[in-house]
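Single chain ahead, by itself, as structure tokens, in the form predicted on its own.
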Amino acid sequence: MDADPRHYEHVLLGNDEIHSVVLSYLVHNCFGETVESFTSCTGLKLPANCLEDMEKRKRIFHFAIEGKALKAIEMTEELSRDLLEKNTDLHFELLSLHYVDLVSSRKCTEALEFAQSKLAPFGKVEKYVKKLEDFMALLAYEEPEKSPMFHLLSLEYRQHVADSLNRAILVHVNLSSHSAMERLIQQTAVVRQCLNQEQGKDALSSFSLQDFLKS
């Protein structure tokens, strides 16, 4: 059972605070047109170049989702020049997206050449060895979508890389990697977990966002 709403009804939030939380979510997720409408209605101000940078992040995000990783890399280097040089994990994941796209298109020779020139150098670092083995194993299957490594070809994997890239770009330009709304939900979950640990057998049930929104 969730906490009694009467316990927090006295906590007042001003419209400006609520608007700021909503705006943070919209900017984080690159909802440009909605951001323009929302700021027009609420009177909130955006930092200089915010809309322009948001549109660039949106394009980069969609390139990654669509498997056009080389274009995503090119635009990322234009927007955040040394990000990928410093974040080698992310750079590896983006390059792997292009490799996977070649494999999915049955361009096996091109995929092998790309792996040898762009991915193989990562093999000098221990943490990338197993990942490289998984990627290279895809070439052994006529239908890589049915291989044990099928998840590497999935939309979920592209989504993961695109989300990681978006967060990294935000941090690179001194913005939070998570929206205010995400941080509030995370904090609520942590507080509920702490309450559970303190109250023992009489603890509140685990926090559920879906249940909370229904209450």
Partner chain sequence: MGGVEDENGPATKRMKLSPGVLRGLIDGLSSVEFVPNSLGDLMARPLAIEGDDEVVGSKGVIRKVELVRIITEALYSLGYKKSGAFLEEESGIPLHSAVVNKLIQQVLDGLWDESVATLRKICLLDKNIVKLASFLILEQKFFEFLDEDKVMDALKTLRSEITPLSINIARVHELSLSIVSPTKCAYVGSSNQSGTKEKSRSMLLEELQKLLPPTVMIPERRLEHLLEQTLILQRDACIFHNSEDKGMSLYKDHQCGRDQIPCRTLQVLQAHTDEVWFLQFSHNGKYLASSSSDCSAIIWEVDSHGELCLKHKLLGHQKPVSSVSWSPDDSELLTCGNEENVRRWSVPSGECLHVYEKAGNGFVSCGWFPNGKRMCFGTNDKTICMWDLEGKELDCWKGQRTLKISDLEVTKDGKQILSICREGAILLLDREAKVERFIEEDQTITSFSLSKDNKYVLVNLLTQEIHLWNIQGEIKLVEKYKGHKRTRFVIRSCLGGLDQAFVASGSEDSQVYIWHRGSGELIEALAGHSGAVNCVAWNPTNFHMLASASDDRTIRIWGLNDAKIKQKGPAIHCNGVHYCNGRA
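Treat the numbers as computed from the prediction; the structure is a model and nothing was measured. Positions refer to the first chain, counted from 1.
Note that the form predicted together with its partner chain isn't included here; everything after this is about it.
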item: Its partner chain contact at I73 in the predicted complex, heavy atom, 4.5 Å; value: no
item: Non-hydrogen atom contact M149 with its partner chain in the predicted complex at 4.5 angstroms; value: yes
item: 4.5 Å heavy atom contact, E145 to its partner chain in the predicted complex; value: no
item: Proximity of T88 to its partner chain in the predicted complex, heavy atoms at 4.5 Å; value: no
item: Contact assignment for its partner chain in the predicted complex, among L94, A115, L84, V100, heavy atom within 4.5 Å; value: A115
item: Site check G123, E133 and A137: each within 4.5 Å of its partner chain in the predicted complex by heavy atom; value: yes
